[in-house]
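So this first bit is one chain, no partners, the form predicted alone, shown in structure tokens.
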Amino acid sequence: MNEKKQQVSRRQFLNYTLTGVGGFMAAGVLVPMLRFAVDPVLQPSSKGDFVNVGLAVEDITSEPQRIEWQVVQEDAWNKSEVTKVAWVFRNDDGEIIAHSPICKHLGCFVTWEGSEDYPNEYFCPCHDGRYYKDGTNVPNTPPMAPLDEYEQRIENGMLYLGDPKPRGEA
């Protein structure tokens, strides 16, 4: 048996070397871009966390009251404090209700008894949108859906609110 050693020609050697170096350089360019695209997906989400809004349960009345609290919001590498708002009250059954103040029509802020013409209703000044106290929209007004309600939890006599959830169509 005659075994011939296969020799690598100069051309093959340069071809293999340049292909390897080119692949290494391409990986060096593509890996950071891939990480930039995938990394935010892999980060743990703080969504759904409940935050103490600084309101004791015994202080909640049947009249909607505006409460504000601060949360830290992270957008990529930017951290900022954001003020959140809710209208909180007890309904006729004694349950605590926390409505989002964002109108479902154009995203303006609604206020409780914001109009003298419509007492005991939420009022949106943008297009005269109205909601009843329970958050459902008044028929024949611009909003087409009820106000969102915040998820809530009570711990040690304090109210904790989570994210607002839609209640469905009118």
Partner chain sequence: MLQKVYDWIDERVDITPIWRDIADHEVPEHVNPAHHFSAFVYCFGGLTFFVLVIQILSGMFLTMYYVADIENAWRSVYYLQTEVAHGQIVRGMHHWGASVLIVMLLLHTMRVFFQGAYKKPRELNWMVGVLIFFIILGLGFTGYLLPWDNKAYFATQVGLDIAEQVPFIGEHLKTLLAGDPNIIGAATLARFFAIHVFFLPAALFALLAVHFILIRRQGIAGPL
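This is a predicted model, so every value here is computed, not measured. Numbering follows the first chain given and starts at 1. C-alpha atoms forming the largest set that superposes within 1.5 Å between two forms make up the rigid core.
If you look for the form predicted together with the partner chain, you will not find it shown, but the lines that follow are about it.
Per the 4.5 Å heavy atom criterion, the partner chain in the predicted complex is contacted by stretch 31-39, the sole one of 62-70, 116-124, 31-39, 129-137. The closest heavy atom approach of residue 25 to the partner chain in the predicted complex falls within 4.5 Å.
Residue contact check for residue 78: one or more of its heavy atoms lie within 4.5 Å of the partner chain in the predicted complex. The rigid-core alignment places the CA of residue 154 less than 2 Å apart between the shown form and the other one.
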